[in-house]
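Have a look below at one chain only, the form predicted on its own, in structure tokens format.
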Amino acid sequence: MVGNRRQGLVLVSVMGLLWAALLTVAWLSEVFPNGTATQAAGAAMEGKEVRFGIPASILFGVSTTGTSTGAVNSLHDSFTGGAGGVVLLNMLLGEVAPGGVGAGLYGILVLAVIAVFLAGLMVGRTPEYLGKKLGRVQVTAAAISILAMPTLVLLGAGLAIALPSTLDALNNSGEHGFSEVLYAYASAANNNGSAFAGITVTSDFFQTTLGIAMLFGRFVPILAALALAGSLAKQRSVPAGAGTLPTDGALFGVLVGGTIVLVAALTFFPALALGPIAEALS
């Protein structure tokens, strides 16, 4: 029981540290933005209520995109490239920082399974987690859960960008316009509900494809997580051995955090480089 509590504390710590790091990046991007006009104004206040200012706006935006909330108190479309990229990345990470109700929990657990599997590959041993061995069935279920959302987001955004009619639906061109499209599919597939408000999604194409992303982006990971849980529940617990990876310490926390960042970086970095990263560097 104590070991399970420690493992839970490690995962919660990882989620909290990711949230704090992303919050810091977003705040710095808004307080010290690129661009002559925003620098002259002292900060990027476009699209924000004066009552809240930048600190409360960024705190709210980063926290709600890191959960399945979707509420906003400022216009995410008006965020700078860096801050807009952070709220977008929050959803692309699977809303695990700090984590949505239910979705954040099974999301971080699936990522922990992937992390344990990768550690097992590096040392050449059968991976174990919570006293259960991770075999082909478990890893396949975790992989399906991890890959479903990126597949829907990237295919949907890529198809939308390829259509000439999408230009008429955008309020901005270039990198920011691409971010608007990518954000729309990331929000739909992750059941978030927030939006880069510059895009108009009332066409039949957007209504259909965003609906498909919303349907499969949530239910496929849920079903995969349930299959993973069911397969583990059927197994008998095995005692920890000399080669068992400790999952209640800082090393495991670093491994899980690295897996989260690595999975997102490898999957979404090209798309992010075309959108918010290019905008932040321009």
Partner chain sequence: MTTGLQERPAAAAPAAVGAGAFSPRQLVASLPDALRKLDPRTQLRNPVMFVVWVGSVVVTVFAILQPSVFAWLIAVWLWFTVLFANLAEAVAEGRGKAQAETLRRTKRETVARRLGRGGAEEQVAGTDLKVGDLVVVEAGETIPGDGDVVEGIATVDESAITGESAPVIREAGGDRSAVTGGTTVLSDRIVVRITTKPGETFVDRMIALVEGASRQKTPNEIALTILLAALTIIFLLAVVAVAPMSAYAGQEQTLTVLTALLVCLIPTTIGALLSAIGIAGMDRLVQRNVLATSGRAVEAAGDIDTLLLDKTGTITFGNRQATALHPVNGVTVAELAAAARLSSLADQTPEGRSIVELTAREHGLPAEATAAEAVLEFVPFTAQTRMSGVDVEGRAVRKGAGSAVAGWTGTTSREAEAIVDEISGDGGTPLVVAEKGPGGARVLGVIRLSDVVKPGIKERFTALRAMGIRTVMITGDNPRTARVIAAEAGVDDYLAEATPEDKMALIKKEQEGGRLVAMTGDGTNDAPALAQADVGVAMNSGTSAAKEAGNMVDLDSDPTKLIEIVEIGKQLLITRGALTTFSIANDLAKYFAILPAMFVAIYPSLGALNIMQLATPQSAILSAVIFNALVIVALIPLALRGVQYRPSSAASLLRRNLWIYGLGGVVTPFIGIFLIDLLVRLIPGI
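All figures in this text were calculated on a predicted structure; none of them were measured in a lab. Positions refer to the first chain, counted from 1. The term rigid core refers to the maximal set of C-alpha atoms that superpose within 1.5 Å between the two forms.
The next section is about a form of this same protein that is not shown, the form predicted together with the partner chain.
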property	result
Residue 109, heavy atom within 4.5 angstroms of the partner chain in the model of the complex	no
Distance check, residue 230 to the partner chain in the model of the complex, heavy atom within 4.5 Å	no
In the model of the complex, residue 16 touching the partner chain (heavy atom, 4.5 Å)	no
Distance check, residue 143 to the partner chain in the model of the complex, heavy atom within 4.5 Å	yes
Region of this chain that lies against the partner chain in the model of the complex, out of 60-68, 248-256, 217-225, 23-31 [heavy atom, 4.5 Å]	248-256
Three-residue site 10, 200 and 209 fully in contact with the partner chain in the model of the complex at 4.5 Å by heavy atom	no
Among the candidates 139, 195, 103, 72, the residue which, in the model of the complex, approaches the partner chain to within 4.5 Å (heavy atoms)	139
Interface residues of 259-282 toward the partner chain, as seen in the model of the complex [heavy atoms, 4.5 Å]	262, 263, 266, 267, 269, 270, 271, 273, 274, 277, 278, 281, 282
Large Cα shift (2 Å or above) at residue 124 between this form and the one not shown, core-fitted	yes
